[in-house]
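Taking the form predicted on its own, here's one chain by itself in structure tokens.
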């Protein structure tokens, strides 16, 4: 006949604690053998070591010295994942204070350990209902613990211990919080389970409760004083001979979807605190979206103004690297301007020569800026007429004495409301007929009055006004912004070929656009940084609230670990709770950010929408959840279940 293999076996087990530099011997050289199917009562007064013994038997604690074997396998050789699998499949705990989750129904409390065994939701809820029905709680399955009596709560605790088919039930003072009738019912239930082959280990200080067991072990000061095994125990029929269980392996982690459901349940249980946690993320994300939309809107507005001037304009001025640059330099001529017309990609070429002179009409005069140019000027500068017509090529060739006035000049000369078109004005001892009035443009970015403008044919100006035939500048408008570089190189080549040297300078609006863009980007990033700081502060808030959350839910965490949750399961659950908070906060923040920008737009503040700011804010909020949620989750995963379960 093969030798019996104990279900549980302790060999010279010691458990020492250090308190105020004094070593306390909770257990001292305990030797204990538990066979399958036994009903054992471990009895002792408070502080005798019986609870420490139960914690070691249930793999919630480890001995300081000695060896603990389960089905012949040394527990010391198992890592945390395997110990979790052992607690999940081998042990079921029945606690004195029931340890039920207050926000779960009886059904959900019973089914909770089955989450960690990988049982799908419908199967575990069905199994929970079967166990509750067996224990007489079929009609109370959807009630929460506060709606159940003490005896009913303890029966729910027993059903939870059985959900994964535990071989051993460890009951710690299970009748301590019950009245005598409920206590008797619970003890009868434990007897019935024992008769069905379940090993029951009952921890108690009450001799009347201990009498229900088949074997009584008395513990005092950490040692076993008496074991009635030799007198009472009969060999159970359920014992197995020569059998060692399969090697214990860690179970798969809880699925992500299941963890998300648990996260939502936990967050909903304390929705007001969750809302306060969300606020920090919502404000941060909304600020990022709003600030970046304002920054992008400002940049867009400035660029639009530059584009109104012309992003495809090329300005040529006389002078060069070693030549003094001034309007009196004679390096540019009207013939140069005419030669540039043939360049591919050049839409308009406007020669310019400027001076200041006094213009008189009747008793009024005005000292304005006189500019000689050609018909291309109005298209190159995109300047429309408010009245009249622009001069033509025929006027250029005939040296016509015609003039076009800016809005400011018209207001100064025609103060009695005369129609300027067709009138004659005096300038440089010659009369010019007014044929057009330019549309008002207002002040430039530098504050100069753009409407202080008087245009005459360039040939007429050289003959009657300027006294010289060279140009102050030439403005070339390329067909598109993309062709600016090509046209610029062609201009340089053409003029160098004509002059034999580079005695001119070429400017484009690209550099202005680049400078403005860089400046606006800097301001946008500054605004985004300020908003990002608020998001960072929100992340710190998430971490603080989650740390408080862990502290308040220590008993729940201890219970989950005791019923089979692996440290990685706890880590995953609390990480996902932080992620859920930050993802929800990010989504709500994006919506609020867009709403705020719409409101701001009503006050004529430039706004520009794009997917980048909300996407950036959302990704950042997710990273906040990952970074700031890890520390609380790690703390929860490392929690000592014994200390957690002992808290009130």
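Positions refer to the first chain, counted from 1. As the structure is a computational prediction, the values presented were derived from the model and not from experiment.
The same protein also exists as the form predicted together with a small molecule; that form is not shown, yet it is the one meant from here on.
Of the residues 607, 41, 26, 580, just one reaches the small molecule in the model of the complex with a heavy atom at 4.5 Å or closer; this is 26. Residue in contact with the small molecule in the model of the complex (any heavy atom within 4.5 Å), chosen from 49, 63, 37, 58: 49. Across the options 65 to 73, 596 to 604, 49 to 57, 616 to 624, residues that bring heavy atoms within 4.5 Å of the small molecule in the model of the complex belong to 49 to 57. Of the heavy atoms in residue 45, some are within 4.5 Å of the small molecule in the model of the complex.
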